[in-house]
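Before any questions on binding or motion, here is one chain by itself as structure tokens, the form predicted alone.
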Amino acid sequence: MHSFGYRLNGLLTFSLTILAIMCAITSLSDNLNTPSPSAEIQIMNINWFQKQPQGNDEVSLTMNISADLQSLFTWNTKQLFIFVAAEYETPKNSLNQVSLWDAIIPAKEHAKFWIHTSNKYRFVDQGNNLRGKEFNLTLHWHVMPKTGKMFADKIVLTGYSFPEEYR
């Protein structure tokens, strides 16, 4: 006969093995989901577009952001972290990204939204490269699961440009 300690150890090892297998299966089942998120961002106003005393360009935008990210939620999704970034090229860098707005979506019920907002974070270019420049607004998201690997994706929205002159 085995002692109480051996039986408890066997039971605990078996339970943890089953739990690990269940976590792996749940993580793999998320790969069966094919999300189809949609988003639209409208620039309603350029509040100001100015050159700072240091010579850097600064922009303040008012935007309407609407998105339907409900398809990103599965039973294994804990929350979404989303952010809007302006992306543009300069002679010095092929890709510049500036985060304008972000949010955490805790549940599927909040994943379909419309918001009227100004950029939450300062939009400053290190230099004076923005006048007349075309740029993209990109909605990025990170899906944070209850178990398994976190993944990220984005929707790139094109066709935006800065004014030719400072305001």
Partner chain sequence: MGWIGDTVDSVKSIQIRQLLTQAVSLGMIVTSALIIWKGLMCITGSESPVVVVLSGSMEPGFKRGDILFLHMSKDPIRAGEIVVFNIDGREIPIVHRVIKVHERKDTGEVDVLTKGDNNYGDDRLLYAQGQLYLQRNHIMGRAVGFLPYVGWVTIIMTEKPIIKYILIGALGLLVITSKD
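Nothing here was measured: the structure is a model prediction, and the numbers come from that model. Note that the rigid core is defined as the largest set of C-alphas that superpose within 1.5 Å between two forms. Numbering follows the first chain given and starts at 1.
In what follows, reference is made to the form predicted in complex with its partner chain, a form of this protein that is not presented.
Checked against its partner chain in the predicted complex, the residues Ile115, Ile46, Ala107, Val124 give one hit for a heavy atom within 4.5 Å, which is Val124. For its partner chain in the predicted complex, the listed stretch (66-74, 107-115, 30-38, 138-146) containing residues with heavy atoms inside 4.5 Å is 138-146. At the 4.5 Å threshold, heavy atoms of Ser99 reach its partner chain in the predicted complex. Although the partner is absent from this view, Tyr166 stays clear of its partner chain in the predicted complex, with no non-hydrogen atom inside 4.5 angstroms.
Within 4.5 Å of any heavy atom of its partner chain in the predicted complex lies no heavy atom of Leu12.
Among residues of the shown chain, Cys23 is one whose heavy atoms approach its partner chain to within 4.5 Å in the predicted complex. Relative to the superposed core, Ala20 undergoes a Cα shift of 2 Å or more between this form and the one not shown. Comparing the forms between this form and the one not shown on their rigid core, the Cα displacement of Thr158 stays under 2 Å.
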